[in-house]
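Shown next are two forms of a single protein chain, provided one at a time as structure tokens under the names structure 1 and structure 2.
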Structure 1
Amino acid sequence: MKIQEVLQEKVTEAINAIYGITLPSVEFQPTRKDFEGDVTVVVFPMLRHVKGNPVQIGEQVGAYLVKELDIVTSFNVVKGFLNLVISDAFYLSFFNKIQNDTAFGLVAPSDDAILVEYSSPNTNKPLHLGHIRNNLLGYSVAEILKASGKKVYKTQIINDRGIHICKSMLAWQRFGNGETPENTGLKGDKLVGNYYVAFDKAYKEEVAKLVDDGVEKKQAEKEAPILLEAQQMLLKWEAGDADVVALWKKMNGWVYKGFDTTYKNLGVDFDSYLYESDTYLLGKDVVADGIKNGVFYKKEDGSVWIDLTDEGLDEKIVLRSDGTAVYMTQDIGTAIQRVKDHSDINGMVYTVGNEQDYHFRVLFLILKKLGFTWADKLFHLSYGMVDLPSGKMKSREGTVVDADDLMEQMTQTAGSISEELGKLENYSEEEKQSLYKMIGLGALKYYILKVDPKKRILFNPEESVDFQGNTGPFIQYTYARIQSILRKAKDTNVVWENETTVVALHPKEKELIKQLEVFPDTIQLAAENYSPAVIANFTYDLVREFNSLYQQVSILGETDEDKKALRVQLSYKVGEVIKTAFRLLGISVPERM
């Protein structure tokens, strides 16, 4: 039983015995470092039910706990805070129970299924830095939900149709001269992305020429010949023109192969895919039913709308006057289709940037009004943009930070810093490159995931690969240090006899066990908040506690064999939890470094 569960019962019992009142709940928090104690009972909330001085209440409850609970050895009261000192025996008993539990903190999957959507790129350009944050968040949240006991489906919808796709296709027709990924050596997504940039360049040149010829700029932007041709290509695609569809399939095929390579290098995966070309007509039938049921209404021009002004929003179009769908229509239909495809799902998580906050508020509200009870279980995992010191990225102008290039840069940066620190003696070149990639990707992922998803990030590659502070490499290095200790301990045959051995805990050992104790609750908290940052910052705190122990006490040099054995086993468990936590973030850890 957890310490707070034990204390909850006894504090409630104490208040009832002393004051004849039953508390609905008891609030706890870790004891502040500047006070003696392990767990603090917050007395102030009790004043809503118990009349009296908070210090006096704390003193009386503390005395009751010391008398009735062997695990509470002493207490002190500071204003309205009752600080309790918990016995070494309790923490040793807890550690003995978890040390051989290889699934510590993890809950076995249940039938409670949830679908997590992330990535969802366009097929007119390669993945960039913004996609990296999206993928890392979505993948990590899916893994955390799985660890918390959910059955998880990872999915994405690929935006493979529309005018932006036709722009790349038309530019390749005009300027490509038969270029392919095979004859250029370029990844397919990069090749196609180059032609998206080429289209924009040609478009701007045509607009400038029209303006020079006396056409107003706004009119010129609408009448540039290359844009009109792209619009015609889109109409041909929608009509099923064989040549246009064949070109679309060929170029999208190049892009998919490129995406697959990026996903593999980034370490993310999916259970299923949807394509906008298959889903863009979904939802029109639902709109027709919604009109009959009074959820939607038709305007005189034939367009269909929903009025959400009573909910503090506005009127939203769901079908154009010509009968064509808008994105909202498609998203309504796609959500319904996903529930049909996965009858066991009890919720969906959409990993999409915060510029779409309003869109998802409207989507979820429409689905509720349409009578879908599962709409209450939809969540928009909204996240802020990722900026670089060089400024904002623009796809059309080719100033985006390519995901592949960034991962390669991170590997090179990790290599340069590692070489400077001289940490890799006796490594083969192949081992070095593998480790550089592990460190570089770990640095990138941790730097992004340690930040609350809602916050905007200024990403600094060099800062992320620092081997000190709250960084991925610092935690990876600590894990490698633990593995070194364990290898040496194996040679000396150190054994911790957990059933019979009783030792006095060093304060640092106690703090470390206390940090381990909260790992299961940390996973649940991260799942409830859809926040990998909760896991990342727990891991950093755990690593700090371990390094504090490492610096203040001897592990393998300890002369007391029982204490040495405990510290070795504690090191092993800390390493195991680091590895588990980092796996939930999609980060690997090195055995040596």
Structure 2
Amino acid sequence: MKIQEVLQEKVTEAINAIYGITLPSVEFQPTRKDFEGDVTVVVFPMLRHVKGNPVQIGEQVGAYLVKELDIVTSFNVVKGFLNLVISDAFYLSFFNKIQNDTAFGLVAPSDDAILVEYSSPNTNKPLHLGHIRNNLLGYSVAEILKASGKKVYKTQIINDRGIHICKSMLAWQRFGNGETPENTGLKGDKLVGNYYVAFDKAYKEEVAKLVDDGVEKKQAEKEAPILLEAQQMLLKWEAGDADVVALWKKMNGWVYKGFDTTYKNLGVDFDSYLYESDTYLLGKDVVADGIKNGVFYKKEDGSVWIDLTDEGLDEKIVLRSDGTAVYMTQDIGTAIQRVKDHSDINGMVYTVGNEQDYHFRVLFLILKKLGFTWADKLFHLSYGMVDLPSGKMKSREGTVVDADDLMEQMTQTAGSISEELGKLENYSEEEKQSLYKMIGLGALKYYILKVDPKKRILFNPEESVDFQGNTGPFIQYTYARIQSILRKAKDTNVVWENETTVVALHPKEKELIKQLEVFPDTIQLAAENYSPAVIANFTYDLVREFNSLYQQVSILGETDEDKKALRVQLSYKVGEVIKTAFRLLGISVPERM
């Protein structure tokens, strides 16, 4: 049984015995470092039920607990706080229980399934830093949900059709001279992205020329020939024009290959994909039914709307006057399709930036009004933008931090730091490169995931991501250090796999076990809040606690064999927890660094 449950029961019992009153609940918190004790009972909330002086109540309850419970060895009362000292025996017994539990903290997957959507890029340009945050968040939340006991499907919907890809296609036709990823050596998504930029340049030139000729700017922006041509191309695509479709397939193929490389480097994956070209017509039937049910209504021009003013929102269009689908139509269809495809799911998570908060509020509300009971189980995992000091990133203007470049740069930085420290004499060049990548990406991922998803991130490319302090490499370093201890322990035949027989703990050892103890709750908390940051902060605290122990006491130099074994055991367990926690963040840990 957990310590809080035991204490809860006994504190209630104590109050009942002394005052004859049954408390509905008892409030606990970890004792602050400046006071003696491990667990603190907050007496103040009891005053609502028990009349008396908080200090006196604390004293009485404390005395009762010490008498009745072996695990409470002593207590002190400060104001309304009853600080309890918990026996070493309790922590030792807890540690004995978990030390060989390879699934410590994890809950076995149940039938409670959930679908997590993330990434979902457009196919006309390469992935950038904004996508990195999306991917890391979505992947990590999926892993955390899995660890918390859910069955998880990772998926994404690829926006492979629309005017944006037509722009790249048109520019490539016009200026491309037959360039391909093969004959240029460029990554496919980069090549296609270049033509998206080329389109924008040509378009702006045409607009400027029209304006020079006396056309109104707004008019010119609508009438630039190259834009009209791109719109024509989209119509042809929708009509199934063979040439256009062939070009579309070819260029999307290049992009997918490029994306695959980026995803692989980033270490994210998916269980299934949906393509907008397959789903963009879904939802139209639903809209038709919705009109019959009176959920939607048709305007004179034929466009279809929903009135959400009663819910404090606006009117929203769900079908154009020409009968074509809008974004919302497609999302309605996609949601329904997903429920059909995964009959076991009990919820969906959409990892999409907070600029679309309104869209998802409307989407969920529409689905609810349409009578889908699962609409209540949808969650928009909304996250803040990644901005540069110069402002927002814009692909068309080339002010983006490219995902591949950033990963490469992080890897190089990790490499130069490593070289400088020079701890890897007997590593091959290949091993070194893979380690640098692990560290560089660890720094990047941790940097992004440690902040609350809701918050905006300001990314300054000039000031490189740190490798010291509260960072990924710091935690990886601690893991590597532990592995070094374990290797040496093995070499010197330290036996540490058995239950410990030590009876008294060093204060630092106790602190470390206390931190290990909260790991399972931390995973649940992270899952409830869809927040990898919770895991990151926990891991950082654990590592700091370990490093403090490491500097203060000798592990392998300990002369008492039992104590030495316990410290090795503890090191091992801390290493395992770091590894598990980092796996939930999508970060690998090295044997050496």
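What you are looking at is a predicted structure, and each value in this text was computed from that prediction instead of being measured. For clarity, a rigid core is taken as the largest C-alpha set superposing within 1.5 Å between two forms. By convention here, residues take numbers in order along the sequence of structure 1, the first being 1.
Looking at both structures, it is structure 1 that matches the form predicted on its own. S343: CA moves less than 2 Å between the two structures after rigid-core fitting. In a rigid-core overlay of the protein, Q468 has its C-alpha displaced by at least 2 Å between the two structures.
Residue displacement note: V577 has its CA displaced by under 2 Å between the two structures (rigid core superposed). Comparing between the two structures on a rigid core frame, one finds that P45 has its C-alpha moved by 2.6 Å.
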